[in-house]
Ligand SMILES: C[S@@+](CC[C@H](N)C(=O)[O-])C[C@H]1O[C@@H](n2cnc3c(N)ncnc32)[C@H](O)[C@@H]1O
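For reference, the chain that follows is the form predicted alone, supplied as structure tokens.
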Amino acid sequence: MRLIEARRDRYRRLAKELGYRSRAAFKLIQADRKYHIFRRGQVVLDLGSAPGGWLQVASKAVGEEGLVVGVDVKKVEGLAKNVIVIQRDIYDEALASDLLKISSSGYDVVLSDLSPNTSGIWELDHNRQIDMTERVLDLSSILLRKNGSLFMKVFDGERFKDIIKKARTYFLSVSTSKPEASRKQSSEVYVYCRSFVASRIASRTSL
């Protein structure tokens, strides 16, 4: 039954037809249409970037004059010239400082579509994903430029409000949405955080 559903998934078909590496690319495309996340020439960081669908979208959006940096424990290759991917864990203590070596003035946009390897136990999966999201917020507080933005996936559940509360300590505007390309049965919610507050920027050191 699942195979039949996959074959009927129009976003999966569209991704294959248009050369995107995952159906998730359309979630970011739809979010960009809604929020206008990207501009030409920006420096973008994509945390948890494999298999590369969001890297493709961001690369096209920022153009040749921009730069997209991806981070994932899995190897990602064969992308555009304005894309750099480093194979690292987001919990690596030296990650923030190494990313600032790539873009010393920081990043305009941080993206995260991170999910844990799901166990099927909802409470465990939710907590793991929220822990990842907290790490994304901590990294963003170091890596973002003044007025930068963050677009990230969050699993809805008991700790969802905690993430929103924490995001509001760093950003002037925090909005939630569920792109059309998200599966209806999915618990994922996407959070767009805009206007990073410079006065709250942490020192430029690794976490």
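Note that residue numbering begins at 1 and tracks the sequence as displayed. Please read all numbers here as calculations on a predicted model, not as lab measurements.
Another form, the form predicted together with the ligand, is not on view; read the next lines as being about it.
Of the residues 79, 85, 114, 100, just one reaches the ligand in the predicted complex with a heavy atom at 4.5 Å or closer; this is 114. Not one of 137, 179 and 193 is positioned with any heavy atom within 4.5 Å of the ligand in the predicted complex. Contact annotation: the ligand lies within 4.5 Å of heavy atoms from the stretch 42-50 in the predicted complex, the single such stretch among 169-177, 29-37, 42-50, 139-147. At a distance threshold of 4.5 angstroms between non-hydrogen atoms, residue 122 is out of contact with the ligand in the predicted complex. Proximity of residue 24 to the ligand in the predicted complex: non-hydrogen atoms within 4.5 Å are present.
Using a 4.5 angstroms threshold between heavy atoms, residue 131 stays clear of the ligand in the predicted complex.
Shown alone here, residue 73 lies within 4.5 Å of the ligand in the predicted complex, counting heavy atoms only.
Shown here without the ligand, the chain has 88, 89, 90, 91 in 85-100 lying with a heavy atom within 4.5 Å of that partner in the predicted complex.
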